[in-house]
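You are given structure tokens for the same protein chain in two forms, set apart as structure 1 and structure 2.
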Structure 1
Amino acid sequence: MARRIAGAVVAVVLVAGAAACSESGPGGSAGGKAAKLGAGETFKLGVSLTFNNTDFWTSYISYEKQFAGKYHAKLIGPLVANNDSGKQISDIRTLIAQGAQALVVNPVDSAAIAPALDYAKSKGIPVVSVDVAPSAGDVYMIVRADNELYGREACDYIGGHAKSGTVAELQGDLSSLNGRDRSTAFEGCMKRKYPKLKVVKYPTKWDTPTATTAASTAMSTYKDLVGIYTQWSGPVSGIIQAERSAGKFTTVGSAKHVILVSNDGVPFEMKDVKDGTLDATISQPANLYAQFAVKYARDALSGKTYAKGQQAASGAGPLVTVAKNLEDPIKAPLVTKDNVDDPHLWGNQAGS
């Protein structure tokens, strides 16, 4: 979310005594257990997710199981909150009660997750936030791509292929930093660089039926509709079907084609790009999200500290801060017909 869905993120609180320097973010100052995890020692890792209803999250869970083996983690969960922030707080308490020594959390709501993070911190449980960053509360590390870049890349693709007309933006959930970042960046870019394109906004809270209905509404309402930006992959198939039903579907590059850009890079999006039914998507790498969420959870229990500007474990570049917490800025490339066959894209590897 990729969030949707992707485009996601997990908050992590440092373990005992491992206090980072002042530029490490608040997560570096949290107390924890005195004993550090030994090399090769297995630890219990609790997993709390917002959703498990898309190809992205199904793939993420599969990768998480794979990397749990690599980093000697015994998974507890995932417990899925189904977009209910209250349930997620309860789920996190449950995971801790079940013996989780560290947590990977994909927050439902960037602000509402704070009480759960505070509780984990009070118990000395480090949290890694994956896909979605918390706006309040301390975490050890955020594993997440630059969601503002998602919005700008979608803007520039549509703006580079349409001179004027209306563009429908199917927003994710504005209570998450992901939804806000994608929306703010997309709308700001359009206003600044492509003033002849009018953006109409449809809030969806990451609900696929709501997004599909919004796309259908935009098609019937705006005769000059030239583009649709959906902030996650879930609605893509429904949007294409709605276009066919309305007699408005044409392949990429055809006359009167309505540009469609999404986020996630799941396998079916890769096929749609190859087939010319989807213009572009942003590949939010489920494999890297899973790998480095588990790795940072182990690092936290091992007493390893990180600081802003230090090289990220993913190799994406220097660590940055988001709401005073450290973030590993995972790379998420734009995928079009020009690079869709790249074997390094996770959507081309999934299931292989």
Structure 2
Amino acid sequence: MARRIAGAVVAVVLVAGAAACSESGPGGSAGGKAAKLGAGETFKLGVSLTFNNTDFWTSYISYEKQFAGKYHAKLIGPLVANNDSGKQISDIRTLIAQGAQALVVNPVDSAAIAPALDYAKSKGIPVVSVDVAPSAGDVYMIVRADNELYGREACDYIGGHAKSGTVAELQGDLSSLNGRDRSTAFEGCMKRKYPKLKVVKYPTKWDTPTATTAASTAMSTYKDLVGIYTQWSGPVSGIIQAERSAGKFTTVGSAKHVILVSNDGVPFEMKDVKDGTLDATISQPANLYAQFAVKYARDALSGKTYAKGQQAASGAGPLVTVAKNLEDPIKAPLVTKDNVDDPHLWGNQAGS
């Protein structure tokens, strides 16, 4: 008898508990619209990132602090998910619980970010997505340079400076959108336009020692190696050293030089390009990413609206759409010896 009562009580508790569960937390319901932000008024900006330990992102973080001051934003975070999309979702909830009025998010995964975007929307909090475009869910603006363009530019540079031979591609993490974009664009372009150059692919998952290993393997495997494309700046020093150790190092422009094209545009790359040890790099402007992420967040809270085709705030050209969201296509120039001294390049500016 006691057993039966106990069972009934348990059942009631379970049902009640299930009923009490709901998607949104306390105070949740399609959130009411906050009042528009006045000029000069401060707002709270939550920041959710994937990484904080690559040169690009550490620079981004310090630029973001600067621009927060300029746009009167009080930063909450950055909270770092370390490549874990589950953690990112709870990071975003935490930021909202701490009173963020707008969010800047660098999604770990373009599809997995959707539930977090829906949640933010239900609370009436606008989101600006940085560096990665979500494939589902709504954001106010995407601030991102065209990663496929990176791949194409690298391809054109190498293709333009080598006639035939083997090119080693050190692929970034193919489970990230940026890695995939750069890789497929590079490979497609090489195949179409420079069929005489054979591409060999080495997956690296954004790990510097792995990339260095891959480069030295390529050097010893292919006698006709003419180019190396690394999708981020980390491995550059290691690759140059490996070339020296293998006795294959030559400066840019010499005969038998192995072309080295990199990505990111961090300060030491500028130096290397000037010194003639690095052929080219794509300057992904951490400063512009930071600046416009904060600015668009403020615009969202001020009630400003944008539309496709309209001039982008960064001046890079018209706004485009990516999966129903607007994107500001930040300009990421190719940097070679010719333009390496341009003071506007973020790598040349102090304070990185």
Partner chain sequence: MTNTSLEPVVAAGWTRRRGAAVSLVQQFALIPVIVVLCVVGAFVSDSFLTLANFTNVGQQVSALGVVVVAETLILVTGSMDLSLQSNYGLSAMVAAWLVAPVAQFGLGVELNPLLGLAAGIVVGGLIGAFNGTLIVKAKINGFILTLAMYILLAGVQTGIVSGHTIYHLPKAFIALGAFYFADLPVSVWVAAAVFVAAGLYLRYTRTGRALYAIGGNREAARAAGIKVDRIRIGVFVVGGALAALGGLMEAGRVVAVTANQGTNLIFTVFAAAVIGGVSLNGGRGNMLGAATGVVLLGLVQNILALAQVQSYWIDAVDGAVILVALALSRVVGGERSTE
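Remember, predicted model here, so these are calculated numbers, not experimental data. Quick note, the numbers are simply positions in structure 1, starting from 1. Under this definition, the rigid core comprises the largest set of C-alpha atoms superposing within 1.5 Å between the forms.
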Pair member that is the form predicted alone: 1
Did Pro203 shift 2 Å or more between structure 1 and structure 2, C-alpha, core superposed: yes
C-alpha of Gly253 off by 2 Å or more between structure 1 and structure 2 on rigid core: yes
Rotational displacement of the smaller rigid part between structure 1 and structure 2, which moves against the larger, in degrees: 11
Core-fitted comparison between structure 1 and structure 2 - CA shift at Ser176, Å: 3.3
